[in-house]
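Take a look at this single chain in structure tokens; it is the form predicted on its own.
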């Protein structure tokens, strides 16, 4: 489904990603870990189409990834990307409205009723059925993130991109959200790419875990080399020594 061949991304002289080669089958759940600034979010932007590769190729179903976001790719960020002036129901319905009316984002008559019915079904699937008339400021952090996920899924994407979606949540709510994402992944047969700083979360959720890291570094030119995928691991096949090696690289102990 997704293939990268010798993929590089840099901004001027600042190399962010280098020598990325990978293949992803439809239905996989890819979790991505690595230190801050090592290109994980940049890779999501390449998949979304808001950034283009500097060198190499990134293809979807054998064709170059479109250079703009599309209905086949949904994204959820760490910060709640919802409209504060709209109710919960309106926040999800408007995603459908923009498909039919990109400039106005409005629906009328039977089209509006159908979109609202679809939105209510999606809200029920993320546990927000009773909150459809509330506004985002009236919701907890976990509920706002559920709303953001409903927004992304109402357009029926094939690929769901998650950029540290649970980073601002407390541990109890985070555990609930992990179970929600797993259930939605199975129900909607999604292909998921998720950035996380929690290596245990990466092992728990993913079918594959990617570790982004720099293999080359020049202290005189710290931006001359970018990160690549140093580990591509099937979850459940990791021994303790390898786990500790990766964890030490991601969370080095200060000298």
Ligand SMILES: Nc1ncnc2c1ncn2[C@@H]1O[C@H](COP(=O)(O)OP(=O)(O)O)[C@@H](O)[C@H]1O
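Residue numbers count along the first chain shown, from 1. Note that the structure is predicted; figures quoted are calculated from it, not measured.
Quick note: we don't show the form predicted together with the ligand, though the next part is all about it.
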Has each of 151, 155 and 157 got a heavy atom lying within 4.5 angstroms of the ligand in the model of the complex? no
Select, from the options 34 to 42, 61 to 69, 182 to 190, 198 to 206, the stretch whose residues sit within 4.5 angstroms of the ligand in the model of the complex by heavy atom distance. 34 to 42
Would residue 25 count as touching the ligand in the model of the complex under a 4.5 Å heavy atom rule? no
In the model of the complex, does residue 51 come within 4.5 Å of the ligand, counting heavy atoms only? yes
Contact with the ligand in the model of the complex for residue 16, defined as at least one heavy atom pair within 4.5 Å: yes or no? yes
